[in-house]
Structures are given as structure tokens and as C-alpha cells.
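In what follows, one protein chain appears twice in different forms, each by itself as C-alpha cells: structure 1 and structure 2.
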Structure 1
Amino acid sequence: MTERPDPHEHLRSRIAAATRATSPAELHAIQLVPPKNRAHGDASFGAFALAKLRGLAPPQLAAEIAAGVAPDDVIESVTATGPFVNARFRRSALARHVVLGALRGDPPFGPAPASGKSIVIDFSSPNIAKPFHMGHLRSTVIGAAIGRIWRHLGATVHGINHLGDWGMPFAKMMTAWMRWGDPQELQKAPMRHMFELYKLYTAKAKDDPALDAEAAKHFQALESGADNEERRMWKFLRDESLAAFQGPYDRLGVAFDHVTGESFFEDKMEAAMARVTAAGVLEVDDGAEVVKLDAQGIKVPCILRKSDGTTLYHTRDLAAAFWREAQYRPDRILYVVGAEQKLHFDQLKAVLARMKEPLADRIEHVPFGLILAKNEETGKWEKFASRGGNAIFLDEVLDEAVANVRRVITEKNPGLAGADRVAEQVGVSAIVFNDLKNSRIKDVKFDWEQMLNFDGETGPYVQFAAARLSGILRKSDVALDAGAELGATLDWNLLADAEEVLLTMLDFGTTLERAADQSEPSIVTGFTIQLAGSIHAYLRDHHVLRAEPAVRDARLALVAAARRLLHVGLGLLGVGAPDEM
């Protein structure tokens, strides 16, 4: 660390020393931000907060800091501009830190050592016996990205697929099967047949309440524990569904540490109910067992057992929370579930809070917006999940994107080897990247016109930057996976002209911390776009292979380092990058 201190950390400690800041509050007040205007320097510090703690005028404190932090190996200059302290790092130190760091895979560029943190992430969680459609995409890619980011930061991550394989949705499927099912069709194509039955059920249940009553009976039969047709069917559909979901998961590059769906908690709910009873918060209301939450500011009570004796979503989530607490000792349990389920998680937390369970503070809903499609007739944005009663299968969307990429390759790089493989990678990435680009709480406006266009802030744009870097390395004598040996004898000052790239790379650590803290992969997505942009711009005016030997070597190291970091960033998002495209 003393060899190559992080410039930001170094500057912070120098400012702390100059101001003799020691208390946590004072140290906390020393926050560096990138200046809005690059001309101001590489890092800025607004002296407002610290000045207030000290009862000083901010400009006065800023001036004192500027005078008190003398240049050293890392810091080139520190100046005060009004209440701001602006610092500039020595280009050699900056280049050495980020290039060598990225080549060696030192944190934050590479994975951090184990932090001891345990993070549970509940994500994806599709319902069995239904196709994997666009609506499942968001939870899947957001949850997976958050998991990778935490793991990169050294946490032990438990990614859980909390499959919807219990409760009324399945019971409705059972009802449809028993009424209209065709064993031969089921044999031929289980998932398709069940989806047809489900659509039939939805259509008929609208004006036939008897269906829902029948479904409730089937659920009772399933939950009775008896070895009956419901149970056999449940097991069959669960197996079939898991096999079918593997297709999308493989294409998206998503894996789980645990596949413990709702059914997993079948035999754990009574113990959970006993805990709620013991805590003295359970009461009977209209024949149902509920926990009232008015004191928590929630007017809707949480129902844990229906009047017919069966359990609900809440019952299973409560049992799941207790199980996860015991098994994984989590610091945080993140539920990557659509924003429309906010009340559910507020209730879950409130029940635990009423029970005085510390767990209440560790569970956290990570909500996200809907996927919207443009209605070409009205021009309005509408829910993507269903159109005319039919879900849009994820595979269809991915296939369309891949086909589009294939066309672009034919047009722009017809001689490309492995074009189909590259098209698959780039096409799938374009969809994933598009989903992870904006703040997760915002609805995703899924516009084919926008997807067809691979210009600007898109997955292909970032991948293209990585491919250009790969191309340069391929034409040099440097291996694509070259490491720190590239930097062994470099004159780091020769990379002074790459300051935009270097300063962007320097932000990677902050980027990851913010992304993890806020459960916000879009912060990483934005970083990759920015890094790709600074690289594209740099390559225009700074030729690598034709530069004189010393410069060429320095730039090759930069190229290798930036390529690695692009790969790391994209990798955290679950996106690969081809070496040619």
C-alpha cells in the first residue's frame, strides 16, 4: 500500500493531517468528489461541512488546507478556489496506480479479499409451469449483477432462486389441468401445454368464481402433505420448469447458489408460526390468523394463515427469512422484486419489528420498475409482460436482438470469424445492458428502434471499445492476458496524455462501493460507458503501435489495463466482450 497508495485515499489522509481532523465526524466530512469542471483539477473537496464543524468560514479553511498540503510523490498541487480545495495528482503516480493496479488485479480492479460480510440475494424467482418471459428479466439480471458486485468486494454471497412453486398460482394450474388437461399434450410439450391451460383458466375465471374456489381446494390437498395427484403433478411440473428455465439462465450467464423455492419452506412454516405466536403478536380475525400493523403505520394487516387453514406468500417469506438468518448469518437480505410488491415487504419487516426480531433491520426490498413496450398505435408506453393475453418470451426477444446483431456484422465486418457466436454474445448483452443502464426504480422503455441502434450508450458500444483494444494488442507482441510485467520498466510520465482514461479508471473503487451500497448496478453500467468513451476518444489522437518504442510500451500497458477493466466491469454486469466484433 505504501508502494502505490490510492491517490484519493492518500489525498484524504493528507487533508486530515493538515486539518488535524481526528473525530469520526470530522473525518467523515472530508469527502472527495470529481470536480464538475475538469479544469479545476482531479479531485475536489468542498470545505463546507468541516468548516461548519469548526465554526470557520469555508474559504478560510480551504486556504489553510491548500497551504498545509505540500506536494509530494502523489500530489502535484493543491489550490484553494473560494471554499473549494482542488488537487491535481502527479501523472506518473496516477498512471502507475491505475495501470499497474488493473494489470495486477489489485482491488478494487480485481476481487477484494474476503470481507466477512454475508449477503443474501433473493432474485429471479419465476413461477413454475409458466414460460420465462420479459417480466422475469429484470429481477434476474439486476439480482445477478448485485451479487457479482458484492462478491467482487469480498462478501460471501448467497444468490437464491426463490421459485414460485407453491400456493394459489400453482393450484390454479392444477385446476386447469384437472379440468381440461390432455395427457398426450403434456407428454409432448409440458411447458407449452400448461401455458395454454393457464391462459384458458385466466379467461374463464373472470366470470366463473367456482374456479378459484376449486383451486383453493387443490391447494388444501397439496398442503395436506398427502401423496395425491396434486403432489405428483406439482413435482412433475417443478422438474419440467427447472429444466426449461435453464435455457434462459444459460444464455444470460446466471447461476444460483441455492434453488430453494416457496415449496422448500412447506415443513418450516409451522415453526415460524409458533415464533409469531410466542411473540404474542398473532390474532384471529374473520377466521384468519393475522398480525396487525397499525402501530407500524401500515393499515393492512399481514395475513399469515387463511380461514381455510392454508398458508400464504407472507407465511413462506417469514419462514424463509428465519431459515436464511440461521443458515447464512446475513448482514443484509436483499429481495430483488418489482416495486409493486413494496407493501408486501413493508409488512414483512413490520411483522418482524413487532416481534422485536433484529432481522427486521436486515431485510431490504430492492424494487425495480416495469418493462414497458411502445404501443405503435397510440404511441403510449404499456406493460411489456403481456400483450393480448400472451406473454413475450425472453427467448424471442434475445433471438431478435441476436439476429439484429448478425445483420450488423454482415454489414460492417463480413469476414468476422465465429460471427454467430459473437452475434449471440453481443445480442444478449445488448438486452441485458439496456436493462441495467438506468436507475432500477425507473420503468424500462423497451424500444426496438433503440435496440436496433448500437450507437452511443449501449452494450455494443462498450464491447466495441474492448474489441478495439484487443485488436491493438493482437497486432502487437503483447498477449491479451498480459499482466503486471508490462509495467515493469515503464516511464509512467509518458501516459500523461491519457489523463481522461486514467482518472476514469481511478473512479472504479468508488463506483463499486456506491453500486453495492445502493444495490444499483446502473452505476457500474455508467462507468463502463464512461471508460469506453474515454478510450475511444484517446485512441483517435494517440496511435499506439506507431509510437516510438518507449511511448508504445507505455500505451500498450494502458491498453491492456483498460481492456481488463472493461472486461471486469462488463463481467460484473453479466456481459461478455468478444475480442473481435
Structure 2
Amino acid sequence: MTERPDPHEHLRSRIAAATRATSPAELHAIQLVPPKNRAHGDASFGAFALAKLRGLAPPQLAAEIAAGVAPDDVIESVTATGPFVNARFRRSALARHVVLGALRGDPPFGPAPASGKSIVIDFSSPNIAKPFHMGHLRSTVIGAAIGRIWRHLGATVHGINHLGDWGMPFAKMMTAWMRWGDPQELQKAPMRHMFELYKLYTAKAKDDPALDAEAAKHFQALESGADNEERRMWKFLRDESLAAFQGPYDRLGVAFDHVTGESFFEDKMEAAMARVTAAGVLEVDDGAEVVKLDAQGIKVPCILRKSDGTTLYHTRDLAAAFWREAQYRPDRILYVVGAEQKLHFDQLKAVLARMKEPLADRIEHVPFGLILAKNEETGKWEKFASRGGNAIFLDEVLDEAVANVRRVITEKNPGLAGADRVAEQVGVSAIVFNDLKNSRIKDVKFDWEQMLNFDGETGPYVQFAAARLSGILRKSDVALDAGAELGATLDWNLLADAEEVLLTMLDFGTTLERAADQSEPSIVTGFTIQLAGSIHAYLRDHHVLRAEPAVRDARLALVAAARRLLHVGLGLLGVGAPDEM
């Protein structure tokens, strides 16, 4: 047996040996989960899938496994309850594995070695020439968290900011500038000025159809590839936008591996169209080139080229999918885009399926709900917007969050060193944590009082738990980055009273696997809340610094390990963890 066996892996191997499971399908069927009722054990195995492969009744197989897995240095007991096998681990083995693993940063508590998997994530993707607003927040923080989780699990991740820098929306912006633009206002605040121009265009286009016709001509000029006014304006606004976007990205702690945008595929669309044509699925309908998807249950055809020869989102997304397939050999391509775009991605997958492209099975839409704000007049939760119905700029919201936290610091801890830095960290993180707290498909309620609460299931609550642990370590003179040496001579039996903390930490690996598989960062957010709650409860009932030396040292090791794992979990979400609050 290894020096510090992973209880979960050890139990899996014992179940595999007891059932003589050797095939990939059988081994994959041995999946462990925490029991719904912890009184039943520390890990549970539902025998359904393996029993089906064996042609057995699940309760029969569960009973055979329980009889075939005897207690050892890691496993204290194994029992069968109907179709479930429940195991309890020896507390000394559990503590040794979890605490040393977290302190050393061994997987899954630290990054896993390269897995060979390639994951492409298309996220954030704001439109150029428009300020970064609250509507971009969810895609940005969800996509970034999914990317960090996959990297932690050893995958090669290609995080892509697929900028909206092509097509008719940009052509409308150009038209607005050519008609009403003010060079002085543009120089003072390029993004805000262009945003105001775009609003003006939208308002006037309702009564003036000639505006859209004019915009269409500008787009044709842009797609011509010539060095013209449209091309020069496109480059200027793209450069200005990228510089402006970097501010919010830096504050959110978000980075990209590739910033390509729709324009990157300008010279790749003809090859994509030729590939669709060769597959025999492209038709001409009223002058437009389309793929009909009735057989896939989609009544709306996918238009790939309009009658005037210009391309659409689908054309560029198809070209992008083919290019990403060739460049990155992805196992999965995740599009973190709002739920309202479901039809778009259904069409994209259906076109690839009609073409008999294996890529169709690797493309996944990762949808999410809206951000809601409470209407003070009606009391109802509505789509987040200003009183005038305009977009809310993200930098203004972040500034308000930071200011709110700064006021709390002034009131509760006026002598805090680096107060401005902590306010930035806690304020921004509160918004990110609030976004990632619930299942991504649900709408997010933007409630200042709730998200900045230090006592609820919030970012500040989890951050405070980590800061509390840092404070204990400082008072003990144990280095905050204490590693494996902290647990070198401990009596692990002394942590038997910390089983709730230890079992929560043990589930970190399965937590990450589920979060990655489901593209669901809220699973990790829930883990950090649970760990913060369990360590708070433990410290309420157990003294650390005032305990007798052997017990004190064991508890200090637990504190250091829990602190480190909170930092890891928060870091995967993009949430900072200040050492003092």
C-alpha cells in the first residue's frame, strides 16, 4: 500500500478487484459519490450500471461487493443497502490523505498532470465599438471558471475571445459615425461616443429604412477586402475596443489564450462554404444559400450567405468550428453564450450533422440565464437595465461594489492595512461569486445587500473563512504557505473529530470532475461554501492555539490545509482570497 493512498481510488480498486472488473466500460461504471445521508458512510457506489453490464440485479451485486471488500488500513467498513454499497474510511487514513495532499498540492488538491484532453471554450465575446456592459459579465466569468477547472484537471485549454467585430452590427456603427460622428468626442471617450451613436442609429432606423440599406453597402465594402474607409475604421475601432475591454478583464482576473473575433475568419469562409457544398446539403432559396434542417426538427433554415453575397454569424461560426477542429483537435468545443441563442447553436450542430461531420458531437452550447435587478416601484425582478432601459456599464457596477465594501471596512476595521486593495478584491469578487453561486441556467438576482453579506452563502463569507484561517496561522507563527513539513510527525488520529471538514475536502476531486463534465462552476462555488461552513463550525467547537501541543499541531495542520484548499477553490472561480479582512 502507498504511503498515503487516496481513499476514493483505493475503494475503487478494491471494488474492481472484488468484481473482477477489467474492461473500460466496467471500470468507468465504478463511480463514487457522497451518500445523501452521511450516516450511511463516507462514499457510496450505486451498482446499477455495473449490474446492467453483468446482467445482474443491482441489490445482488451490491451485496456481493460488500461481502468481497474486507476492512484494511484505509477502509473501516463496507455495507450494502439495497443497490448501494456504502463505505466508511478510517479517520487516521482520511486525515493523512486529505491534510497532506492539500498541503503538498497533490492532485486533485493541486493541478493534475497533463491528461491529453483538449478543450476549446468560446466565451465573453463582446462586440467592438460598444462599452463592456453587464450583459457580458455572465459569459465572461462562467467561461473563465470552466477554463480554470479544466486546466486544474490537466486538460489543454484554448480560451477564445470571439469578438463581434464583423457583420451588420458593425456596419451600422460605421454608418452612424459617418452621419453623426464628432471627432472631438471620439478622441475624449471613443467607446462611450460610439455607443451613443449606435443608440441614435437604432432610434432613427425605426423610421428611416434607408439607414439599413446604407449600412449593408458599408458591409459589402468591408467584405470586399479593399483598403478603403470602412477597413480603416474597422481597425481603429477594434484597437480602441480591445484596449478598453482590458480594464474590466484585468479587474475580473480574466485572460484569453486567443483573441480572434469574427473578422479572423474572413478569408476562411469560402473554404467552409465549399465544404458545405461538397457535402451536398447547400441549397439556394430566394437567392440566398441555405441549409434546410426540417429532418432535424428545425423549421428555420440556416442561412449561410444572403442574396447580396454577404455572410452571416453562421458562416463565420462554421468556418471557426472547422478551423478550431484542425488547429486544436478538441475533445469538446464549448460555446458559453446566453440561453436566448439556443436556436443558433441548434442550427450549427444540425448543419454539421447533415454534413455527417463528427465535429457535430463535440460542439456544446453552454447556456446561461439573465441578470435580474429588483424594480423598486413594482417589487418585481426584471432584466438588469438602467431606468432608461439602456445597458449598464460593468466598470460602474464594479466601482460601486468596491465603494460599498470600502465603507464596510471603514466602519468595522478602520485600521486594516491595504484597505483599498482588499475592498477591490472583495467587492469585485462578490459580484463574480454571486454570478457563479447558482446553476448557470438560472437567472441571477443582483442584490447588493445579499451579495455583500458576510454571513450568508456569499463571496465575502467564504473569503472571511480563509482570512480567519490565515489569522490563526499568523498567531501560531506557522508560515501561511506552510507545506508538507507541517504534517511530518502528527498523530492523525487526533483529527477524528474533524470528520465533517475532512470529508468535505475529500470530495474536492469528484466536485471538480462533475463541474467540468457539466460545465457548471456553481458546483465548485457550492464546495467552497460547504468547506467554509464546516471549518467555521469546527473552530466554534474546537480550540486550536490553546489546545495541548500534540492536538494543537494536528489542528494547525488542518487549518493550513483547509485554508489552502479554500484558496484553490476560490482561485478556480476567479475570486481572490485576502489574508486579512
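Rigid core here is just the name for the largest C-alpha set that superposes within 1.5 Å across the two forms. These numbers come from a predicted model, not from an experiment. FYI, numbering is relative to structure 1, first residue = 1.
_Assignment: the form predicted together with the RNA_ = Structure 1, which is the form predicted together with the RNA, differs in this respect from structure 2.
*With both forms fit on the core, has G46 moved 2 Å or more by CA between the two structures?*
Shift of 2 Å or more: yes.
*asked:* Taking 2 Å as the cut-off, check whether the CA of E26 shifts that much or more between the two structures after a rigid core fit.
replied: Yes, its C-alpha moves 2 Å or more.
*asked:* Is V524 displaced by at least 2 Å at its C-alpha between the two structures when the rigid core is overlaid?
replied: No, its C-alpha moves less than 2 Å.
*Superposing on the core, what C-alpha displacement does G68 show between the two structures, in angstrom?*
Value for G68 between the two structures: 4.1 Å of C-alpha shift.
*Once you lay the two forms on top of each other by their rigid core, how far has the C-alpha of P35 moved between the two structures, in Å?*
For P35, the C-alpha ends up 2.9 Å from its position in the other form.
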